[in-house]
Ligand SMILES: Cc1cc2nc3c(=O)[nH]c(=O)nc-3n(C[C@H](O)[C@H](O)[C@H](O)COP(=O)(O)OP(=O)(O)OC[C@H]3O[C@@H](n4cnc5c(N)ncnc54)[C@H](O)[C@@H]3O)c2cc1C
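In structure tokens, one chain follows: the form predicted alone.
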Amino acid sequence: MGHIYGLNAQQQKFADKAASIAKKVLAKHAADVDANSRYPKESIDALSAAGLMGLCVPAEFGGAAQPPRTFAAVVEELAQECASTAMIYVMHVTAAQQIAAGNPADKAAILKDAATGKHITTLAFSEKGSRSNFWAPSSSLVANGDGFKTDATKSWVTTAHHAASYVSSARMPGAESPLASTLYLVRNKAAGVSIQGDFKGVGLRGNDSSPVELKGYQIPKGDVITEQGKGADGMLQVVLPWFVVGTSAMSHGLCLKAIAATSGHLQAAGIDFTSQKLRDLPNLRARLADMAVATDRSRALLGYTVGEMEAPNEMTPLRVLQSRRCAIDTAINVTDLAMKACGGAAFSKHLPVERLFRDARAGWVMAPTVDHLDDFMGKALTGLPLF
């Protein structure tokens, strides 16, 4: 049977490799990563050693140059065992795509190291003053000799402590609109970069997400990624599609794991005085069936979308937005059904379902939020510009 994301034989090998690493490494550490809110170093090291950190990096820089459909399949495998690792991976791949599309001075060196996992990169868009309106930074670039400087408070940067660089945004000098932005690189550990504490969230507890403050941060001319005023184009045309594919696939991985855990529980647990297995109860079987149908429906939409991304048309941006909206809803509903079907075994953490339930909630508040997605889709469907 073919993969729902339409993988060819070569692409399937990457998914199989990810599945093997997920089962052997990610699964071993996932509970501890969650319980202690710690960075999943073992998992990232394993992905680096296997060459998966360079999955979508262009071949000229040592990457595998894989398309979004392969990315989706790999993320889905990772998320089934450790969503925190999957989140870190999604941010790394997405940020690397923007670096590849831009022109920083040491682009080749960064991408070659990104492909081997020596250089982990991430995104730093949303700010305290812009909240989840990630496309409209509050901070501005100020001319400083041949380069620039800026002050900014970036909200919840994934991999904040461990990334070597952040793809960040600010208004161009003299901007008249927040959409007149520019993307630039922040070098972690450089002067002016301050990470504001550790992450203790409800879900995705190991994704090392923290606010980052930039104070008088110096940006050399060579660290500017996009043309001045073209940052929104990068965010919406490069970053958003790859981010949507990755986070949608992450939601699907959570769903698939919830289905497997629920199915296993219904087959293993029973009621002594009736000699029944839980699977003999029609209401529990119905919940499991609902979970499976909803998951494959959302996966099918993402599979269609990644195909359109390879041959874009006027409907492709809408499909991208729909894919993320559908995946968020599906993950929340499926993990909720899993909690109900598994009952006390889920609430008491005897199963991984409770962790999946918490991890799925992150999609609802992660920019672009559900409210933004609904607004963007409504505008697209009624012929209005997004901004």
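Numbering starts at 1 and runs along the sequence shown. What you are looking at is a predicted structure, and each value in this text was computed from that prediction instead of being measured.
In what follows, reference is made to the form predicted together with the named molecule, a form of this protein that is not presented.
Chemist: Using a 4.5 Å heavy atom cut-off, which of 170-178, 268-276, 186-194, 203-211 contacts the named molecule in the predicted bound form?
Modeler: Residues of 203-211 come within 4.5 Å of the partner.
Chemist: 124, 156 and 367 - do all three of these have some heavy atom no more than 4.5 Å from the named molecule in the predicted bound form?
Modeler: The answer is yes; 124, 156 and 367 each reach the named molecule.
Chemist: To verify the annotation, which of these, 132, 218, 138, 263, has a non-hydrogen atom within 4.5 Å of the named molecule in the predicted bound form?
Modeler: Residue within 4.5 Å of the partner: 132.
Chemist: Within 4.5 Å, heavy atoms only: does residue 242 come near the named molecule in the predicted bound form?
Modeler: Residue 242: no contact with the named molecule in the predicted bound form.
Chemist: Determine whether any heavy atom of residue 71 comes within 4.5 Å of a heavy atom of the named molecule in the predicted bound form, and answer yes or no.
Modeler: Residue-level check for residue 71: no, no contact with the named molecule.
Chemist: With the partner left out here, check for me: in the predicted bound form, does some heavy atom of residue 372 sit within 4.5 Å of the named molecule?
Modeler: Yes, residue 372 is a contact residue.
Chemist: Evaluate residue 152 for contact with the named molecule in the predicted bound form, applying a 4.5 angstroms cut-off between non-hydrogen atoms, and reply yes or no.
Modeler: Contact with the named molecule, no.
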